[in-house]
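Below you will find one chain, with nothing else, as structure tokens; this is the form predicted alone, and questions on how it binds or moves follow later.
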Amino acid sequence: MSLKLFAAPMSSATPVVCALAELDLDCEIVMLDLQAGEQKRPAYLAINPHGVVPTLVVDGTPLFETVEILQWLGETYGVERGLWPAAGTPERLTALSWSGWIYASYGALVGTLNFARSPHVDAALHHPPLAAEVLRRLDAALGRLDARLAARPFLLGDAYSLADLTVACVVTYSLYCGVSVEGHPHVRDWLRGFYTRPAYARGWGDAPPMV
């Protein structure tokens, strides 16, 4: 199977780069310069009309949206490598739940936080009360994740999986946005374990661990 990933450093593609490394897959990786607008050029828009990364081209067919790519990689390659639960198991449902939650719920809050206060966003859009409320909700979400990890070393139980990678990458990004894991010791220790994996270094490069 031919795989080609369009990505960018420190972007939404980072979890996919980490997953490819974790799975030890042969994949051509094309790094786009987002500041130069390479993701908006006609050749790339013909592959991904939304003009964002990542896009994984599988035997000539593009697959976009990070969580869908990660779940496809898990289903296609992760089961045989022990990094994704088999179809029809309770663990598969759990993996889908947590990997979907981190993007649809937690990630959406992080996006709102950035609009409410990020220096990279027009200051006219900033809204301090909204930012404070979003931070409160993110802290509550991390509390639920902490409770999950208090009962087991990894999200699915005793073994690390791509579900851990997916959630850890998004939580790590949120730390760069000003979210704190203070008061969530199980999340903190779980992240520290993730940062020791070679796949983390492959995806995040020289970025220092956040905890």
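Residues carry their position along the shown sequence, with the first being 1. The structure presented is a predicted model; accordingly, all values stated were derived computationally and were not measured.
What comes next is about the form predicted together with a small molecule, which does not appear here.
Looking at 140-148, 156-164, 64-72, 182-190, which lies within 4.5 angstroms of the small molecule in the predicted complex, counting heavy atoms?
Stretch with heavy atoms near the partner: 64-72.
With the small molecule left out of view, which of Leu34, Val58, Leu175, Met31 would have a heavy atom within 4.5 Å of it in the predicted complex?
Selected residue: Leu34.
Evaluate Ala168 for contact with the small molecule in the predicted complex, applying a 4.5 angstroms cut-off between non-hydrogen atoms, and reply yes or no.
Answer no; every heavy atom of Ala168 is more than 4.5 Å from the small molecule in the predicted complex.
Using heavy atoms and a 4.5 Å limit, would one call Lys40 a contact residue for the small molecule in the predicted complex?
Taking the distances in the predicted complex, the answer for Lys40 is yes, it comes within 4.5 Å of the small molecule.
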